[in-house]
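One chain is shown next in structure tokens, namely the form predicted alone.
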């Protein structure tokens, strides 16, 4: 039990420069800000963020939303919520009052979810979880105005800081992929459904970015079947990468030694990046692929970034 406790403490007490946490912060801030500006560009601020008495889609009563209780229920309340979220996301991106900006943006996003629950997407829930982590992280210590105000310059100083937010984010991403894989119940994802899931999805006009009429040809259809198989294997096997980030107690066995020697966690990282690039190119899924790719920085140790992907011997995960 004592060895297990020491492993637990050592795992969550790892220290590293805040480079990766800062890059996640910038990516998340930019993605959320772009999504919010799209709402404004499409003229949907009041319909999506306003009270049911002025919004065309929202129907939540003022008694359920503290924003409406404090600000009111007219159109001005919708625009103030939009403005507050935009400011919070901008401050998060540039790293000014970083922790406060992350926490406030999370709360404001949660209020928008209460106002329009049917419009809340899975990526919104995930990014709110990330904002909570950023609020307790060292993400403002690098590449930020906060660092400049401390006299460290915009780049900040590369000093060892608590790394647990990055590892917790890795765990969150792994859980998300794994649960997405094991919850694919539709028969089209499996052999008895002909591995036809991606074909069906790409032919669905409500989510596909293009007509994809050519998918009916034998070779393109076969490629969608391959993509379906790869997607299932990729998602259901993702917990294997935890061997790299959370190596278990005891001497490593043959599989674990091979996993580390050949740095096999990069197989899942590269597959995931390709997966989301293809999603962005072929489907209308909003910010989902971009939000996920913004989080992929968490898979890299800061020293890996500096060494261009080569894991230094002194670095773990």
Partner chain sequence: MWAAMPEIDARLRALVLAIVIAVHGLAAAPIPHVVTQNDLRNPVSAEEVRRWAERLTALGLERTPEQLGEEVIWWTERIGGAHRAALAPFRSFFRITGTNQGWALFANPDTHPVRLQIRIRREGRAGYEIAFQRLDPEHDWAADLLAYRRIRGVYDAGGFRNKPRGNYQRFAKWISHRAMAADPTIVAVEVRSLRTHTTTPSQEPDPRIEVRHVIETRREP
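Predicted model only: the values in this text are computed from it and were never measured. Residue numbers count along the first chain shown, from 1.
One more form of this protein should be noted, the form predicted in complex with the partner chain, which is absent from this view; the next part is about it.
- For the residues 68, 288, 259, 268, the 4.5 Å heavy atom test against the partner chain in the predicted bound form is passed only by 288.
- Interface residue among 247, 119, 227, 72, judged by heavy atoms within 4.5 Å of the partner chain in the predicted bound form: 119.
- When contacts are judged by a 4.5 Å heavy atom cut-off, residue 150 does not count as touching the partner chain in the predicted bound form.
- Although the partner is absent here, residue 146 lies well away from the partner chain in the predicted bound form, with no heavy atom inside 4.5 Å.
- Interface residue remark: residue 239 is not counted as part of the site for the partner chain in the predicted bound form, having no heavy atom within 4.5 Å.
- The closest heavy atom approach of residue 274 to the partner chain in the predicted bound form falls outside 4.5 Å.
- The putative spot formed by 19, 94 and 307 is not touched by the partner chain in the predicted bound form; no residue has a non-hydrogen atom within 4.5 angstroms of it.
- Residues placing heavy atoms within 4.5 Å of the partner chain in the predicted bound form fall in a single listed stretch, namely 111-119, out of 73-81, 111-119, 137-145, 150-158.
- Counting a residue when any of its non-hydrogen atoms is within 4.5 Å of the partner chain in the predicted bound form, the hits in 170-205 run 171, 172, 175, 176, 179, 180, 182, 183, 184, 185, 186, 187, 188, 189, 192, 193, 196, 197, 199, 200, 201, 203, 204, 205.
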